[in-house]
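Next up: a single chain in structure tokens, the form predicted on its own.
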């Protein structure tokens, strides 16, 4: 029973992590029809910012990572995606994939292929007993950070004027633009918010892995994309729920699968995703759609 509870707690933490990345994907897809694979590179850049600032106080390092992720996101929006507003979804995706590939190779040149190991904080590596469960401090921080960010984003999107405009744009961007909403500012804001989410994910992943490598972001964004797809990329809540479900299943499979099958965990997860899409191509939540808007 204790082992099961431990697995559930760990699964909730991992699910929250992928929910944040999937929310960033859903935000950009709703507005631009962009399944932004480059978010993985933004996450990687934030992780390397943490590495560069490893000798600074943790709060300063985190702020630096957020700044790098937001600035890189805004730069990509202004230099690439703003010029491709009228491009097809396939062209946008290929462009984002090319950007991610280029930034990963740039990281290879600058930092090398080997993992740069470092610790964010000795406290995060420790564990505490909570109701008989041995829970790492990192898992607690992950749960609190993911829950807080998801709550803040929910309040922002539902209770503020800017958030409501952003949500309206995600539902029907063309109609929102016709109603007088400034498209450039709204899209730039969406990219900036996705950068904040990527920085949060980078902090958690670096804490889990104890280092950073050029492939760090790609590993995260692939799973997050799967989650956003099965949750329904046209809805922000669906993308977040889908990311949470995929992350939760991944963590749970680590505990329940036999040791000889565990290396194929990702394959099992992809098979589950394919099964969901066969029966629910519009996503898990009602109201989602993958059809083209007219």
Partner chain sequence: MRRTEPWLAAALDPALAVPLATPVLLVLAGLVARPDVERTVVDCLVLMSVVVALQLFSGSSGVISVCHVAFVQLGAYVSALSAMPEQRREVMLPDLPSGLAHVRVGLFWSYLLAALAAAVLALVAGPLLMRLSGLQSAIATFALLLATQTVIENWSAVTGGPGALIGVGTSTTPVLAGGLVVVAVLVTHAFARSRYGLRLRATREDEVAARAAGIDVERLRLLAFVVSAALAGAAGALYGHRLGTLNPDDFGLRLTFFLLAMLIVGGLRSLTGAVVGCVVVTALGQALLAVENGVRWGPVGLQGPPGLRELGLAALLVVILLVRPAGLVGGRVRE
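Residue numbers count along the first chain shown, from 1. Bear in mind the structure is a predicted one, so any value in this text is a computation, not a measurement. The term rigid core refers to the maximal set of C-alpha atoms that superpose within 1.5 Å between the two forms.
What comes next is about the form predicted in complex with the partner chain, which is not displayed.
Contact annotation for the candidate site: 35, 97 and 263 all lie close to the partner chain in the predicted bound form (heavy atom within 4.5 Å). Only one segment in the set 75-83, 202-210, 135-143, 119-127 has residues whose heavy atoms sit within 4.5 Å of the partner chain in the predicted bound form; it is 75-83. Contact with the partner chain in the predicted bound form, judged by any heavy atom within 4.5 Å, is made by just one of 246, 45, 233, 240: 233. Contact annotation for residue 109: at least one heavy atom lies within 4.5 Å of the partner chain in the predicted bound form. A residue is said to contact a partner when one of its heavy atoms sits within 4.5 Å of a partner heavy atom; residue 93 meets this definition for the partner chain in the predicted bound form. Contact check for residue 105: a non-hydrogen atom falls within 4.5 Å of the partner chain in the predicted bound form.
Residue contact check for residue 222: one or more of its heavy atoms lie within 4.5 Å of the partner chain in the predicted bound form.
Relative to the superposed rigid core, the position of the CA of residue 59 differs between this form and the one not shown by less than 2 Å. Core-superposed comparison between this form and the one not shown: CA of residue 273 displaced by 2 Å or more.
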